[in-house]
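Below, in structure tokens: the form predicted alone, a single chain.
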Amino acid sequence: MKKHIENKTYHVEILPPKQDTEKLETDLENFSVKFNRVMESGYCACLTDNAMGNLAFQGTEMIEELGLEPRKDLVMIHLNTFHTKGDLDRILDSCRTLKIRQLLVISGDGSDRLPKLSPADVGATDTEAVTSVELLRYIGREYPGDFELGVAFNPYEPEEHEFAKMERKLAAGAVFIITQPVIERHEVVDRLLAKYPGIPVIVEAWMSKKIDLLSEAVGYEIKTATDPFDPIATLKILHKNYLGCGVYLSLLGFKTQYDLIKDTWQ
């Protein structure tokens, strides 16, 4: 991950198609085009796992079925706790076969349609529910040395609670951190960087013009410097304020924004 930051490698979020899509062939083609474009650019493709609790195809499943070619160290798989034990191991085995080393391990968003790992599935005896911490421990124990494990950090949660969780995540094997989206310098992110100077941090940039969606996600109104919200201008601000961090691009518009991002990281 440190090499990504040194090489100014963007992390580009790509959502696999939902399983109930009514336009599967189109969605598969769009996924393939996006994935290949990210690979050709030398960026890192970040494939989500049932984003927002919506049942979707798995990232490794897409790569295998579509015959895509993941470049070395340029694919990151999101992995959450809403799986059966069998599916969890299949995903991890596929990642190992495809030589995908980077995983973002998160608790995830659940729904009635999704199964949930039990403590017994991951060998946890001191908890009633599986979180990213238990999942990190399981992967580290069952797949030692196979993966580079990252975790999320939410600067909008109560600080002490979030930093306490981060301590547990790092103790469980996390070696890099990706923040929730920020649109300017954030004092809690600054505190994170000061507290863990040796841990690579990736700052998430909100690339959708629909800033109200971010406000809904964090629970209060996000004030912006421009109206309407300008994601590219915000991206430049983040580069200026977080020179030592990587950047994760969420909800990036491939048709309207992709060619513009190359000029923002100088």
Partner chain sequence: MKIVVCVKQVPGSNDAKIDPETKRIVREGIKAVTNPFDTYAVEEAVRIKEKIGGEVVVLTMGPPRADIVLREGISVGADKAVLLSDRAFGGSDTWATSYALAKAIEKIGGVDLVICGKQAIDGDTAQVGPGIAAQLGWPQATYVMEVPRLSEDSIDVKRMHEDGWDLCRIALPAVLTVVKDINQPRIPTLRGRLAAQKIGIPTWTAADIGADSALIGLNGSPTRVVKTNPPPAREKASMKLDGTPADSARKLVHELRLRSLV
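Numbering follows the first chain given and starts at 1. The shown structure was predicted, so the numbers you read here are calculated from the model rather than taken from an experiment.
Unshown form predicted together with the partner chain; subsequent notes refer to it.
Though the partner chain is absent from this view, in the model of the complex it lies within 4.5 Å of a heavy atom of just one residue from I199, C44, M62, M207, which is M62. This chain is drawn without the partner chain; in the model of the complex, the residue among A233, L213, L55, M39 with a heavy atom within 4.5 Å of it is L55. When contacts are judged by a 4.5 Å heavy atom cut-off, L28 counts as touching the partner chain in the model of the complex. Proximity of L114 to the partner chain in the model of the complex falls within the 4.5 Å heavy atom cutoff. The partner chain is not drawn, but in the model of the complex it has no heavy atom within 4.5 Å of T256. Among residues of the shown chain, L251 is not one whose heavy atoms approach the partner chain to within 4.5 Å in the model of the complex. Only one listed stretch (179 to 187, 164 to 172, 114 to 122, 146 to 154) carries heavy atoms within 4.5 Å of the partner chain in the model of the complex, and that stretch is 114 to 122.
In sequence order, Q19, D20, T21, E22, L24, E25, L28 are the residues of 4 to 28 having a heavy atom within 4.5 Å of the partner chain in the model of the complex; the partner itself is omitted from this view.
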